[in-house]
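Just the one chain here, laid out as structure tokens, in the form predicted alone.
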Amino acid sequence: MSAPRRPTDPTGLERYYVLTGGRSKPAGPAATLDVATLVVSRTGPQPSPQPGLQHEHEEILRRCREPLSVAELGAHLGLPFNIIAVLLADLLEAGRVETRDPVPANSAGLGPDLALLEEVLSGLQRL
């Protein structure tokens, strides 16, 4: 007779608990992350597997060779924002990634072309 099967967690909460080590929110510099924050890996082009890093940490490092927003990371990995933020806190603390606040276009003197926006709005209204 085989051992009784344990019911699976359809919500994924057990997986999230394991991924974050029971933490529900990030600490330190990752506490100020938002969905538009850009993340870039500080490792070389082919990050080598590191002891103590979970698969998701390695996947973040691989995907962030070029700057990627926290929202994009969450979409690629299929994880909610708070879980991504906790994983990023681990990588920030280890010095494996750095974060950059997105620069608003208006403050950089590169605001949107008003004429182009008016043309787009006009075209949408004609639909």
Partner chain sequence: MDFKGFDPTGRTTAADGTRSVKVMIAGGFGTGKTTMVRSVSDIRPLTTEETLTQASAGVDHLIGVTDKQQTTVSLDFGKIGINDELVLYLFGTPGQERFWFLWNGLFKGALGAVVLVDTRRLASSFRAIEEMERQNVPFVIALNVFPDSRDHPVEEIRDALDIPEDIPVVAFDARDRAASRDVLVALIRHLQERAVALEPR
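Numbering follows the first chain given and starts at 1. As the structure is a computational prediction, the values presented were derived from the model and not from experiment.
Absent from the display: the form predicted in complex with its partner chain. The rest refers to it.
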So in the model of the complex, does any heavy atom of residue 100 sit within 4.5 Å of its partner chain?
-> yes
Any of the heavy atoms of residue 80 lying within 4.5 Å of its partner chain in the model of the complex?
-> yes
Proximity of residue 54 to its partner chain in the model of the complex, heavy atoms at 4.5 Å | no
Flag residue 59 as yes or no: does it have a non-hydrogen atom within 4.5 angstroms of any non-hydrogen atom of its partner chain in the model of the complex?
-> no
Which residues in 20-41 have a heavy atom within 4.5 Å of its partner chain in the model of the complex?
-> 22, 24, 34, 35, 36, 38, 40
